[in-house]
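Only one chain is shown below, in structure tokens, and it's the form predicted on its own.
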Amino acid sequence: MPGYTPITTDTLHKIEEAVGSGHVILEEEKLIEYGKDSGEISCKPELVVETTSSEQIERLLRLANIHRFPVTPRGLGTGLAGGSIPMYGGVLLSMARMNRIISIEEDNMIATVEPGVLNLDIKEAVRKKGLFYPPDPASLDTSSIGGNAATNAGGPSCVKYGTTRDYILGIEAVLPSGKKIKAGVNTRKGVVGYDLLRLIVGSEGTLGVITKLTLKLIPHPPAVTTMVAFFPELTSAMKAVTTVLMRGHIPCAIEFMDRKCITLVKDLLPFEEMDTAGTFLLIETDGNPDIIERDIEMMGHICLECGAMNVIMAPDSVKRARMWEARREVSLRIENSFPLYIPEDVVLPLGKIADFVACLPECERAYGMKIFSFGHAGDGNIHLNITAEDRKSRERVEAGIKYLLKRVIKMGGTISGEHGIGITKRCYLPLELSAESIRMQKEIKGIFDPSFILNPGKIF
């Protein structure tokens, strides 16, 4: 990593001239806050720039190349892998004030937005036009679309609708050089030149700063219905998931929680099965009301056929909201219950989920930790919330995490499904990628950012 130069008084004056003094934050308390995300790592920047235009970003990045200071883009700070932490100080570039929904084109079924817009705000705005933006990360009410794009965020709806990348048609971005480019198209198809769009989306802010996005929309489903199924153990629940999919059903969400998670949130869902179930499965489907009513009943029968203790339908919005509240409350309750809390997200082939989770008790005993597992059963994405009673046991717990990640890869999975690599997982990158693959990716970074001033220290 090349050396960086501290921001001097002279450099600060040039930054203020470039972006406007009203966009620069120097207060100590605010700098500390901007140096955090939703994980445990923090690092205070030397200053914060709250940008409102791409032109400000262009000027800032040109100065960064001249004066050798790093620039770290930040959405709304909901990441868990340290991707927006300013490791080397310098400037924290906040995109929070670039939060306009520029246009919604009903005829073309596209929306143009700035990166600081909340995911939920986009959903609600297009819903008024009868349209739907499907990607739904758990933090949809607190995360920005720019941050979603930086990590290619997923969510429960991935099983049917795909990830953020599948709904970004085009972007405007400022490269580390300070030059602006456009990538992608405003149409449903386009194959002109290399696909820089798909390279920048998911690059965790290391290749460019996204300043505008064109999103693909679809017609809003006319209805949605939900059910929950309780299973004695995870094996039968996963058999039900694969059977549902193999028989041609396409739910818009299939979520699961293990016994430990059920115990934490059973007060939110006072069903008698919550006291004895080993696995909680939530299945949701959307579309034509008559069709989805039959579809959800058939999926319920499949669950019973595969060993479910009981199946409960929740067609009305109040019951549905309570079920999702329980699912989304899990990670917060885990974090608040233990001194040491490390969230991991891995993805396994569907047929391997049960086998993988079955090995967790042995790992817990060997490394002195407690593992809560839940996540998106429909696409194999498991959230492993790894905890311990004592923060001093971190070194031992991290050895256990490495063991688990190796096992994931051995079973044909991947070490990150939607959180990204950032800082926290970069040491594990060689477990999954070959030395040649990492070398090529570093060279791509070097082409985009030869001075290594944009979000340095992430991924590699």
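Here the structure is a predicted model, which means the values were calculated and not measured. Residue numbers here begin at 1 and follow the sequence given.
The following text describes the form predicted together with a further copy of the same chain, which does not appear among the structures shown.
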{"property": "Exercise: residue 288 in contact with a further copy of the same chain in the predicted complex, heavy atom 4.5 Å", "result": "yes"}
{"property": "Partner contact for residue 82 in the predicted complex: a further copy of the same chain, 4.5 angstroms, heavy atom", "result": "no"}
{"property": "Contact test in the predicted complex: residue 56 vs a further copy of the same chain, heavy atoms, 4.5 Å", "result": "no"}
{"property": "Residue 10, heavy atom within 4.5 angstroms of a further copy of the same chain in the predicted complex", "result": "no"}
{"property": "Interface segment, criterion being heavy atoms within 4.5 Å of a further copy of the same chain in the predicted complex, picked from 424 to 432, 33 to 41, 398 to 406, 64 to 72", "result": "424 to 432"}
{"property": "Sole residue of 187, 103, 263, 337 within 4.5 Å of a further copy of the same chain in the predicted complex, by heavy atom", "result": "187"}
{"property": "322, 294, 128, 365 - the one with a heavy atom within 4.5 Å of a further copy of the same chain in the predicted complex", "result": "294"}
{"property": "Residues of 413 to 428 having any heavy atom within 4.5 Å of a further copy of the same chain in the predicted complex, listed in sequence order", "result": "413, 414, 415, 416, 417, 418, 419, 420, 421"}
